[in-house]
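The form predicted alone is given below as one chain in structure tokens.
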Amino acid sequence: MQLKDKVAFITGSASGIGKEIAIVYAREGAKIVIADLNKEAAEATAAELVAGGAQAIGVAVDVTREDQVDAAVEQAAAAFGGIDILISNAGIQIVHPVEEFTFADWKKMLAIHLDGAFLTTRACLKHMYAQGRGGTVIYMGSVHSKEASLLKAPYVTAKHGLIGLCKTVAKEGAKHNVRANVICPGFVRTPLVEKQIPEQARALGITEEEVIKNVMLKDTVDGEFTTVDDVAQTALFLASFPSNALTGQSIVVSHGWFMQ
């Protein structure tokens, strides 16, 4: 029970990576807040965790809306007595070459990935600082926090930006015993990635099989997708790490897709 009685606020956690982190954290004794744009899915996921013996609630939140983020964090803190862990995971993907990207889509991508990270961080830090028991902030970056790929200008920009935000939070939070780190997964076969396969095939003029083999997995050491459990176990390691020795870092989990 590495996270016994810790309160974890996890965005985008009604599915995919976020849901797997919630499952692993619940197994380790954490109280879980499923924060997702889809209210019904958030509540259903929370109900699954409760049925398994965990303490969990689902809250609806658009991470680009300041009022909704603040309200959701306050609701979570009131329900469970504070916030100990933030997983800033909510994200989407839109792929186009730069010259075809609309400004509206550019702004949408940055709002969800960067504005959402900032707003949830600010709201959760207020509780972490006031509680006096420290805390952990974990951002869901990507290998695209380190590298670029074709067709993903705003995504790459936003994921790079998370590293800068993380480093600042690590420095500011240290005196409050709050750590901040970034997880940088390779391609994980979530609905987000499944959607990209045909989109990239059309944009690049290749088959979907070629997208998987020659784009997504080409630089891995074993030709394997990163799994949601790979990422969740890394999130558990970061949340349960016992000291400030590991803060302001970005951990790549990519089957060697990118090596630092």
Ligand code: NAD
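All residue numbers are counted from 1 along the displayed sequence. All figures in this text were calculated on a predicted structure; none of them were measured in a lab.
Heads up, the form predicted together with this ligand isn't pictured, but that's what we're talking about next.
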**OP:** Examine residue 62 and determine whether its closest non-hydrogen atom to this ligand in the model of the complex is within 4.5 angstroms.
**Re:** yes
**OP:** Would you check, heavy atoms only and a 4.5 Å threshold, whether residue 121 touches this ligand in the model of the complex?
**Re:** no
**OP:** Determine whether any heavy atom of residue 248 comes within 4.5 Å of a heavy atom of this ligand in the model of the complex, and answer yes or no.
**Re:** no
Original post:
Would residue 90 count as a contact of this ligand in the model of the complex, using a 4.5 angstroms cut-off between non-hydrogen atoms?
Top reply: yes
**OP:** Just give me the single entry in 203, 193, 57, 54 that has a non-hydrogen atom within 4.5 angstroms of this ligand in the model of the complex.
**Re:** 193
**OP:** Find the only residue in 220, 234, 227, 38 having a heavy atom within 4.5 Å of this ligand in the model of the complex.
**Re:** 38
Original post:
Looking at this ligand in the model of the complex, is some heavy atom of each of 6, 32 and 135 within 4.5 Å of it?
Top reply: no
Original post:
Counting only heavy atoms and a 4.5 Å cutoff, which of 141 to 149, 121 to 129, 73 to 81, 98 to 106 contacts this ligand in the model of the complex?
Top reply: 141 to 149
Original post:
From first to last in sequence, which residues of 1 to 27 have any non-hydrogen atom within 4.5 angstroms of this ligand in the model of the complex?
Top reply: 12, 14, 15, 16, 17, 18
